[in-house]
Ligand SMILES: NC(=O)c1ccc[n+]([C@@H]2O[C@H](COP(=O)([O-])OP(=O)(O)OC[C@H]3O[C@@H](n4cnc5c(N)ncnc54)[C@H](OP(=O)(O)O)[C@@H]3O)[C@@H](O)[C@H]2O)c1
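Okay, so here's just one chain, in structure tokens, the form predicted alone.
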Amino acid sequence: MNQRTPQASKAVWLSRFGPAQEVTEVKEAPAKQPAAHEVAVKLEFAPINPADLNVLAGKYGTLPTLPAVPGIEGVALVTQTGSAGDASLAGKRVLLPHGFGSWRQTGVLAAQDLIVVPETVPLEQAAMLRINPATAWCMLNEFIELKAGEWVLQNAANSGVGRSVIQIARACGLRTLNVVRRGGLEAELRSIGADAVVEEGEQLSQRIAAATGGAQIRLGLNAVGGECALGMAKALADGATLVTYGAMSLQPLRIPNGLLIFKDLAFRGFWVSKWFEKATPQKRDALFARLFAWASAGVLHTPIEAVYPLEKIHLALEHANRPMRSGKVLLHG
């Protein structure tokens, strides 16, 4: 066991739900010491995800009991092990678990919750693996058994999940048709493996068919809703599945009766938090082993636009809310 004198530790605290910069503040408190089966960790990096911003606003699927430390994911360094712990864990880099609240300099967590990150994975990339790449992998594998060469249709293709879908699909021999909300993104998305890119708008289903040569598309991934999701549904093959994991347009899904009756489409939802709740440790570990391998090889990579120290949380939140960013905003412990 590695004993240390408690030191002051800073964390972002959420006192109420509302506008991000109004409801968060940085507070300082003594660092906690790990109990027998716990470890102490020091934050390396944590991203600001859209889900985090929704939590701050009080508009997410599950909300913490207030006051609380926000932050859905991140990567940390184990600095100390409890009396009953494995001392060899000290110095290891680990993914922070759901519910931990990653926007803090230090904390303690159960040793059994640790997912050790290989040294070959860049720390900044490790911080962003639990949500977006995991969501992409699960949606590509949990609903339809796709064969190499098949097409996957998605919107919000330049989002964090969308980019992960493109990269993972390419690594698995799948092709992607990517719908975006603005022009000027085709070259960038093709550079990471996109096979075709089209913009939202009129006659979307016809333009999708033209871009794929009329291919039978059995899986669609929707993070937008509204008219865009309807256009995608019309482009899917009979018996296909449309998976919804977001609602960027703030418009509901429109499901005409004919798509259910005559095309026999299946409409499903996905939330990676629920997947982690239900997944066995073996299934979870297999997921991360695959993601770690791709991140180590550079196959899976998320662009980063800015990194802010935890104390600059209000500047970081303002940056994360800017439209048309070129990458993620990270917090550094």
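Quick caveat, the model's predicted, so the values are computed rather than measured. Residues carry their position along the shown sequence, with the first being 1.
We do not show the form predicted in complex with the named molecule, though everything after this point is about it.
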property: Triple contact flag Arg181, Ala223 and Gly246 to the named molecule in the model of the complex, non-hydrogen atom at 4.5 angstroms; result: yes
property: Interface segment, criterion being heavy atoms within 4.5 Å of the named molecule in the model of the complex, picked from 119-127, 141-149, 169-177, 156-164; result: 156-164
property: Of Ile217, Leu77, Ile131, Leu109, the one that lies within 4.5 Å of the named molecule in the model of the complex (heavy atoms); result: Ile131
property: Exercise: Phe270 in contact with the named molecule in the model of the complex, heavy atom 4.5 Å; result: yes
property: The named molecule contact in the model of the complex: Arg325, any heavy atom under 4.5 Å; result: yes
property: Partner proximity in the model of the complex: Asp195 to the named molecule, non-hydrogen atom cutoff 4.5 Å; result: no
property: Close approach of Leu265 to the named molecule in the model of the complex, 4.5 Å, heavy atom; result: no
